[in-house]
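Only one chain is shown below, in structure tokens, and it's the form predicted alone.
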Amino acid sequence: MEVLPTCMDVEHSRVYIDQLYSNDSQKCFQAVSELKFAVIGSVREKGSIIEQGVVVRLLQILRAPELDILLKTEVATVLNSLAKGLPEHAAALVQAGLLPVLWEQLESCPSGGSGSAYTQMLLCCLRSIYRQGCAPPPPAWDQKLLSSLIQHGYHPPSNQECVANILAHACKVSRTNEQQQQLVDAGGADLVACLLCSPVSRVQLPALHCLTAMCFNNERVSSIIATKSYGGKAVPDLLVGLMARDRPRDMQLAAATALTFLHRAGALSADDPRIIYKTLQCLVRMCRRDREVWERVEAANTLAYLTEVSTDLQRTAAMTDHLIHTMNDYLKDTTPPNASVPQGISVSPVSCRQYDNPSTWPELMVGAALKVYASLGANDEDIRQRVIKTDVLMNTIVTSLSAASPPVQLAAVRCLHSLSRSVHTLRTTLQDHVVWRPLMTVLKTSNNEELVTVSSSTLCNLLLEFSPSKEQILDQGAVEFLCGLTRRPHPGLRLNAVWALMNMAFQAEHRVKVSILHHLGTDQIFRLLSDTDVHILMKTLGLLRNLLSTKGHIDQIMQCHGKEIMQAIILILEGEHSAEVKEQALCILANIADGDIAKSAIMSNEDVLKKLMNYMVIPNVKLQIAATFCISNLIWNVEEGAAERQNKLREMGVYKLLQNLMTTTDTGLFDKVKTALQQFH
């Protein structure tokens, strides 16, 4: 049982706290010393001292230029002890203004003698604050301050450990391209290369985390780091050495993560032996069942990121050490024998504290396995079929889509998205498990933007013409929902929504096309055609092209919306767009020209006809083919009114243009020109 303080203890505490405010430096020093021994090892005492407002006085002592450096060192020791308490204790110190004082003192700290001990304790206090995760990066990443901090990181090992931890946590919290670049400019990359060669593992590990945070999603910084060296060895080679099996497991994993980030940032290629033979193999090995929970989860998450975009890495991983079956174990067995968590900072963006509670292990394991499956099956159909045949996978995906944990939901949707790229799987497994139902629930109820984005991307595949789920999804109000998504500010959501509508409109019934136009509205179509994202523009044109297909549908839609559709096409043809975009607009015109009544929308507009003639002679074969195809549809001689249309176009000079194009060396264009000329005869 905890022993409550006696009246004498309380009285004594009041005495030495009162002496903190004494002008007598000896009394003040004695009070700080007693305070130090009181707070070390006592969480309750730390909280009590902070609540009494003592921190403000301690900061005053640090800032007082006339006070002895030994006293300041003792004060820094007390503050470091307070920062090592609960996270709320560290947060209270930050709130009291501790960080600016520490940075200020560090910058002006004397070197040598007693100053070395003071510097070390300031660094220790900063490290404790940052390790608690409640501190922002150094103020504006002041370059002078940053350079000073880095210089302190070259010696001795205790300082190196502190500086590496400070930089690792600060960079991980911000992780912006600008701050990553500032860290490199201040000498951070050179320092990390040096620290990786330290004989002390507690220095190497935070250095690895710092390197990982610096490289993350930053092509420029990663390319610089990949060329750095120390002791005659390049940084990537140093990292390979730290992945050796005789190294601590957390160090192996951290080194593999650093190499993974270098690869994903473009500094190392997928076929680099250090990636495909060292990093990948290390991560697969660390996924084995005999490893600890934290190790298996972090290794799988990193492996999923490593293989996410490279088909070669996906194929190699799928063939390595029965990885697909190993991931299946993640879905079944979530209680490995060991449960310890490494000390220090986490190898992932999340804290190691997530592994403290065994009840969270199942969802962590499931989420990691689903991410790996999503990456492995991203591009290769054979791998997808091997993945889809694993035990309990589909049941796990369906269950996880309804999970309370957004990360698990996201992993399930990513896996489903990967599997839905298979025509065979769309027609069989995904239909058998009715995956569209929980997916639609996620789309309609989730407030997580990333989750909705990936879910809507998956829905695009489920709405393909050959997908059995298409009609069922339509019956659930998908048209109105997707049209609503096109109005969202996030470009990824707008793109997926238009893409899904485009797939929905392909060879669709007239009622579906009318519903899309009704809920989307011509005003929104114009907004999408004016979108700054060219991918959204292209998919919107694809949507219009699919809507305007089948003669009967073309005529009916043009009768209702012809004026607005022609305005939209002219907007594209007259705008500053690429040839690919304008080709799509010309293809829409060709579809309109295939209608019986809709032809008049083009024939009555001489401006559009002149544009077609211009594109017939423009030095771009694709545009010439599209324009010629449109002309061919307009003059098709078996259709009513063909003679009048041919005469008008002949008078405008179209026939002569076609004759001139017969000299083309492009076979595709030649065939289209030949067909068009035949209609005139």
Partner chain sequence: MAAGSGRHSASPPLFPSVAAQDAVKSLYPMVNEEETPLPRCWSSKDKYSFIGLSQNNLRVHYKGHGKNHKDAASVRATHPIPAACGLYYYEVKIVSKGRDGYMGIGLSSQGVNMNRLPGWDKNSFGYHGDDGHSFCSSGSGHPYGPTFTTGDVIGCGINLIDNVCFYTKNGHYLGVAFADLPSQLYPTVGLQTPGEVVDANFGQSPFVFDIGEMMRELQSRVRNTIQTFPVPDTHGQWQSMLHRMVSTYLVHHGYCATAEAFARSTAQDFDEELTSIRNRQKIQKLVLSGRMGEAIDTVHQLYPGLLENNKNLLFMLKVRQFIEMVNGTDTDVKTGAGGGGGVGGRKMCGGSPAAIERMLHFGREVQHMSQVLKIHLGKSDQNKKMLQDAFSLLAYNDPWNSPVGWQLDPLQREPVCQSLNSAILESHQLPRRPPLEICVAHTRQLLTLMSRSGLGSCAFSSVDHVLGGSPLPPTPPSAATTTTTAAATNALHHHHHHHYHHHHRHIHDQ
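Small disclaimer: the values here were computed from a predicted structure and weren't measured. Positions refer to the first chain, counted from 1.
Form predicted in complex with the partner chain: not shown, discussed below.
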Is it the case in the model of the complex that M243, D246 and T320 each bring at least one heavy atom within 4.5 Å of the partner chain?
yes
Counting non-hydrogen atoms within 4.5 angstroms of the partner chain in the model of the complex, say which of I276, L609, M502, L443 makes the cut.
I276
Which pick from K551, K563, R288, H155 sits with a heavy atom within 4.5 Å of the partner chain in the model of the complex?
R288
Just one of 277-285, 470-478, 206-214, 554-562 has residues with a heavy atom within 4.5 Å of the partner chain in the model of the complex, so point it out.
277-285
Answer for T316 alone: is it within 4.5 Å of the partner chain in the model of the complex, judged on heavy atom distances?
yes
